[in-house]
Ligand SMILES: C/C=C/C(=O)SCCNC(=O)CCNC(=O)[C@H](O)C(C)(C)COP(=O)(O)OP(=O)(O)OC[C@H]1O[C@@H](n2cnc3c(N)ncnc32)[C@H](O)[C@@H]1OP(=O)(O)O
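Below, in structure tokens: the form predicted on its own, a single chain.
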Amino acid sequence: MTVKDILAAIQSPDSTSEDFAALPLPESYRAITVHKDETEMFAGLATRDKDPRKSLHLDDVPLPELGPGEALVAVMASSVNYNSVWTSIFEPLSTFGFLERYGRTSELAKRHDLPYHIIGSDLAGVVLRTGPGVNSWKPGDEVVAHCLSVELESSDGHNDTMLDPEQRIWGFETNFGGLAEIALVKSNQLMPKPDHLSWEEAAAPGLVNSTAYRQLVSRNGAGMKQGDNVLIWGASGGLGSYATQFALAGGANPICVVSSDQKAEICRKMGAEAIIDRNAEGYKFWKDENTQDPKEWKRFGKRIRELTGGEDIDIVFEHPGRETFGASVFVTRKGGTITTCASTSGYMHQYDNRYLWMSLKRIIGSHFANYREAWEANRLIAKGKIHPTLSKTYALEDTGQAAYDVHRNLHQGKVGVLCLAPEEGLGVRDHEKRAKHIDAINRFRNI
């Protein structure tokens, strides 16, 4: 039995759930990995000079054992996120530490502690097998997966599963991720695949769409409402492109910060009107490595008020981190909110606390999303209210180049990876709905 037989079953319109359940599973499959014995390969290099093309491998790996509450999924497509880049350059630390710690928690978790790490935190595909205790999903179901892995044995996570002490990000803090032909997930990661999207389009929103939803819309994040002025850094990027759509769909006013006219044009196509090209306008928030420039914060705030009719920012959608955080805190209105995740430009934030404490502003840390938030975010994709921001798709063997592009910010929106899917455009079930939204679906491709 090979993965080609699985692909044939997926592509056949006559395949039933019983057919998928009867398919013998292959002993091995192809997957993108990093190797434990290479974690020091970039020692001494600057972050920018670390090359994912050297550390990411396409390996043939054994099929993992299926446990209770889990599912094996044939992965048709996946995508590259910043956590894939961090894994590939072993920053801020090697992910093998995560796998070792997870492996110590139970006999079943020992499966994850391997000398290789199969990465990837997105997928669109078809359920092959479900473990004991799984009743909501069956072989043959077309699914996408969100990346929250939880145990929920502690009471801490039962109001918000993100607070579970055993909360992990699948494919980053666990093994058997989505950049592979087969993935192992918990069944409560699964959600219905939007039927008007191709496999690669459906795989693209997962992590970033759910992250943006919690950070901006959810009561666990900023709780955005109609009329809010929302400052969105990197508004055409992987996270920001979804934040921009949520702001527009929710009746808020996005102020989109981008780094080129090309990226500004993407925001205009999404429907945004207030756009700041920070490179063209020459904002330099740091005088040197240790000193920020409050005059630039003030110039930035003045520019925002020009675009909002004199109003300050209600919510800042923060993810660059160190480079922008001081400015973000400063420009937020009295009583406003800064929601933060990721810190792609550096984790050690500096800001002037006078502008926070004396103006009663709030900083909210936001990390991925719980199952309910991910489900709601996916539902909006399925209803055609929010759209994928896929710009380019690579073959599985070219994942290193895809990660390199994301690392060097050479991409727009999301970068997809075809896993079992032999070409783009497959997997669409509702062509009528697709036709209605085709321009929005292709918005980031037609750049």
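Because the structure is predicted, anything quoted here is derived from the model rather than measured. Start at 1 with the first residue shown and count on from there.
Omitted from view is the form predicted in complex with this ligand, to which the following refers.
Remark: all three candidate residues (101, 172 and 207) come within 4.5 Å of this ligand in the model of the complex, counting heavy atoms only. Only one listed stretch (352-360, 291-299, 196-204, 366-374) carries heavy atoms within 4.5 Å of this ligand in the model of the complex, and that stretch is 366-374.
When contacts are judged by a 4.5 Å heavy atom cut-off, residue 86 counts as touching this ligand in the model of the complex.
Among heavy atoms of residue 309, none comes within 4.5 Å of this ligand in the model of the complex. The shortest heavy atom separation between residue 108 and this ligand in the model of the complex exceeds 4.5 Å.
At the 4.5 Å threshold, heavy atoms of residue 92 reach this ligand in the model of the complex.
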